[in-house]
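Here you get one chain, nothing else, as structure tokens; it is the form predicted on its own.
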């Protein structure tokens, strides 16, 4: 069984690195730290390498041990969490590629299976939900510290349990974590209810720019580097802005694009409400993701990117 093989690889590795996708969200950071804490119970001290992440997640256990880079050039074992494609590991890709053994743990529906061992469950609404089952199989105790990281991933990737991917098992895991002493309400407050001043200012900017297209079924808005500079934005301050459009009555797809530094293009975030599979849209543009939450990178000006994305969305709108 894959899990038995993964445990065997963990036990025999002397040096281990944990990696996740670029522009990491709560599931990415939560999964990475949960894995580090869990491996400690197995007597392993793993490095978590995340070059940049939102200060929203600084409250998490072991967040102060996250590294931007490592002096170790070749690890015995590299573990990728919450990442569907080797390209999305960004700065961490080199550590994964040079490791003796590579393990990938993920929940994205579109996955390139880039590890030596791939444990992927596209039905799980969060990578952290996969990890809790894995840890219990390994006999690892779910402590409040470990549980805090896990519930952070579940809460952020389910939008606070509101997305359709949530299952009865998701609530069962949440109840289990609550029984083990995890302060779920506190985590919810920190990762979903509390906004930075910069995030608030950016939300005003993108709201004022929002366009209603395709008879109100689609919203489009954007943010550029100058906007981020003007409000003093830091890593992660753009999170949640794509939801502003989807939450409006009658909107099926929300498009939010953000200028990517050092390129001549924009990072595209897509969200849908009921029937549009935005992962399919993103794939056509070179990206991927989930059925109702996906993204990609598109070269061009704001107007050019807008038209390229709209062209694909029109094909699937009813």
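Small disclaimer: the values here were computed from a predicted structure and weren't measured. Residue numbers count along the first chain shown, from 1.
Unshown form predicted in complex with ligand AMP; subsequent notes refer to it.
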Ligand AMP contact in the model of the complex: residue 251, any heavy atom under 4.5 Å: no
Distance check, residue 108 to ligand AMP in the model of the complex, heavy atom within 4.5 Å: yes
Is there a heavy atom of residue 84 no more than 4.5 Å from a heavy atom of ligand AMP in the model of the complex? yes
Contact between residue 36 and ligand AMP in the model of the complex at 4.5 Å, heavy atoms? no
When ligand AMP is placed as it is in the model of the complex, which of 265-273, 66-74, 52-60, 38-46 ends up with heavy atoms within 4.5 Å of it? 265-273
Can you list, in sequence order, the residues from 275-293 that come within 4.5 Å of ligand AMP in the model of the complex, counting heavy atoms only? 287, 288, 289, 290, 293
